[in-house]
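Below sits a lone chain in structure tokens, taken as the form predicted alone.
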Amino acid sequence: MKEKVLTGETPTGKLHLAHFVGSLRKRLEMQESGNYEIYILSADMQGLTDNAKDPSKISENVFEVIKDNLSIGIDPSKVTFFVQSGVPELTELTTYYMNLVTLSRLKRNPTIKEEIKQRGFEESLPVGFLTYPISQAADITAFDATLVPVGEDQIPILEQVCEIVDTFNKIYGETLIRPKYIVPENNSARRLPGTDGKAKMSKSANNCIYLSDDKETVKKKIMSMYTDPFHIRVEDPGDTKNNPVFIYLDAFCTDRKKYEELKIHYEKGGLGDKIVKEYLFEVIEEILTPIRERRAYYDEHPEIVEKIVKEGTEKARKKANEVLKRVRKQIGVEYFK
């Protein structure tokens, strides 16, 4: 029997390179293996938790995110794409799970705490945003997912999902499947920094290279990337450990011998930033060129994308309904035959 996989994104904007190495690349690999039943979620309802006053930001990006997935080679005949708001069963599951989590536990979640700080919510924190891990638990358990590919920053969310599953099963009997998370094997891919050197590539920080960026834009962003501020002259020894250019090369470069040679040369001194950045541009372009070509097709045929998502959402709803019936029966809220 195939293992079930739940993965996806919040559609607050187009996807970037951190998404690619964090989960998209693994998603594609799992698809090609043929060993997994994969559900890909466009989490529009979760996106609204901090964009309720600007809903167009979400609605305008739902199909853009799906197109990013299709552009990297995800095959709709092998996976199921769906929109969160099109599966109301997820909302009911979220409501049941809310009763199993304390407010203090939600506030202690490291990922949520960090994102609240980044957004400056303070006392204006939306309830929906705080309950993000509960909604995530509904998304995952609704499809009996056993595996969830994530970036390193999402691990605390998955740990809390497992807590919810354990609590439910302890109270109501073995009903839900406890998922496992998968993080990239390459350490640099787990949390790709922004082009400005900040800890995380983020749309809001404007430090991203998007999968849909054109060649000229990508080159401009790479050539202006933050490097080692103390590597002033070419002959100066340089730092590669905290240098975004080398972190990107570690995450994307398939020619490991060339990568190691550049790394040794830079650390010893005698290698300029320009040469390293130009090589990084070559590496990234090799990845992005076929992605752009596929995306152009879907940009020209939006009706195909809409059909893929509509049919996938209908399929996803049937599966989620099966799990919801199981949950309702265990809780004891099935009153009518």
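Nothing here was measured: the structure is a model prediction, and the numbers come from that model. Residue indices: 1-based, along the sequence shown.
The protein also exists as the form predicted in complex with tryptophan; that form is not presented, and the subsequent description refers to it.
In the predicted complex, T175 touching tryptophan (heavy atom, 4.5 Å): Looking in the predicted complex, residue contacts with tryptophan do not include T175, since no heavy atom lies within 4.5 Å.
So in the predicted complex, does S71 come within 4.5 Å of tryptophan, heavy atom to heavy atom? So S71 does not count as contacting tryptophan.
Would Q136 show up as a contact with tryptophan in the predicted complex if we use heavy atoms at 4.5 Å? Residue-level check for Q136: yes, a contact with tryptophan.
Contact between T10 and tryptophan in the predicted complex at 4.5 Å, heavy atoms? Judged by the heavy-atom cut-off of 4.5 Å, T10 is in contact with tryptophan in the predicted complex.
Candidate stretches 39-47, 303-311, 59-67, 275-283, one within 4.5 Å of tryptophan in the predicted complex by heavy atom: Contact criterion met by 39-47 only.
Answer option from T131, N109, Q154, S212, heavy atom within 4.5 Å of tryptophan in the predicted complex: Looking at T131, N109, Q154, S212 one by one, just Q154 meets the 4.5 Å heavy-atom criterion.
Using a 4.5 Å heavy atom cut-off, which residue among V101, V150, C162, C253 comes into contact with tryptophan in the predicted complex? Checked against the cut-off, the match is V150.
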